[in-house]
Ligand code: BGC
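One chain comes next, on its own, written out as structure tokens in the form predicted on its own.
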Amino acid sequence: MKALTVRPETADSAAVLDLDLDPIDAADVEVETLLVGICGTDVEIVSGAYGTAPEGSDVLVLGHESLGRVVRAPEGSGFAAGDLVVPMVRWPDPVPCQPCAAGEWDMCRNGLYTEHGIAGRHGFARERYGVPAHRLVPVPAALGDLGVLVEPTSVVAKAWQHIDYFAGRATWTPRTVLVTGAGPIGLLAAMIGVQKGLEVHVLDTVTDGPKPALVADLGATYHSGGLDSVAFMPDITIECTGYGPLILEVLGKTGRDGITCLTGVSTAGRSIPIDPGALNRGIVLENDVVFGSVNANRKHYEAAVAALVAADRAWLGRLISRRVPLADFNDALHRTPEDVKVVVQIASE
């Protein structure tokens, strides 16, 4: 079958290959891949930064954000041919650690998990695949192609779950949210904040392109330029850029009892002078919470589906800025100023 592959840790090795993969087990659900979303993780894997092929393979099939359609489902699986589904990315470690054993593989403590399209498991940028039914999340037919947004939405659904947990530590109720970065993760984080009835502000550097209008049409406020353009101290900050200097600024930008969630993954190797004493003093004396969040488990995928169903379909459709055929995958790896989320079409129709 045709698949978009990469040789892990080999720069610019991405290629569409005809692979002879293992036959799909009769006990698994057989799924035809419709769309695969491209994100920064895919771009970094293609650059050779990281990625691990499955045991016995020289290549890794890319694609962890995906939408598929069931081709065949075993009796009693809960699925039927034609159903739209999203496969979950991370598998629990084989030991397993306590969180993995409880279905919280996103909080794995020993790092022995595997991830489709990233670490030790082929991804979904291939024509068909098979997985056990418990690894699939049903997508309502009404969402259609917008189901490809479930995986990135699951990441911010997890972040919001943890924010809500920390917000419950005291009797006050957060009101204002600042999201830094208006990429797909930032926009989806802002979407959920608006759904929660919060006053949402989004900060990005661009003044042109689709992002300012997407934020405005969401009912949020767009800020361009530096953090000093935000003239208030937010109760909650969700940092989605991974840009080191901005992260340090953000840590000092919340109001008292503030909550800062870091979702962006930074590039190492750059030194930034900081005053750790002043940073610590501010966090401690103001009862601030700073935490990192990555990946998701089933409950977050289900929360993501619910959030997308509740969202405006036309607005969600504008997040998908380009659809690229599998043969032209290189075009999907290079973003343009007009891009928000680029998806690769795997199925022929």
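Not measured: the values here are computed from a predicted model. Throughout, we count residues from 1 along the sequence that is shown.
Same protein, other form: the form predicted together with beta-D-glucopyranose, not shown, and the subject of what follows.
Taking the partner from elsewhere, Lys253 is found to have every heavy atom lying beyond 4.5 Å of beta-D-glucopyranose in the predicted complex. Proximity of Asn297 to beta-D-glucopyranose in the predicted complex: non-hydrogen atoms within 4.5 Å are absent; the residue sits far from the partner.
At a distance threshold of 4.5 angstroms between non-hydrogen atoms, Val324 is out of contact with beta-D-glucopyranose in the predicted complex. Contact check for Ala157: no non-hydrogen atom falls within 4.5 Å of beta-D-glucopyranose in the predicted complex. Exactly one listed residue, out of His223, Lys211, Arg90, Arg121, brings a non-hydrogen atom to within 4.5 Å of beta-D-glucopyranose in the predicted complex: Arg90.
With the partner left out here, beta-D-glucopyranose still marks one of 193-201, 147-155, 233-241, 162-170 in the predicted complex; by a 4.5 Å heavy atom cut-off that stretch is 147-155.
With contact defined as any non-hydrogen atom lying within 4.5 angstroms of beta-D-glucopyranose in the predicted complex, the contacting residues in 31-47 are Cys39, Thr41, given in sequence order.
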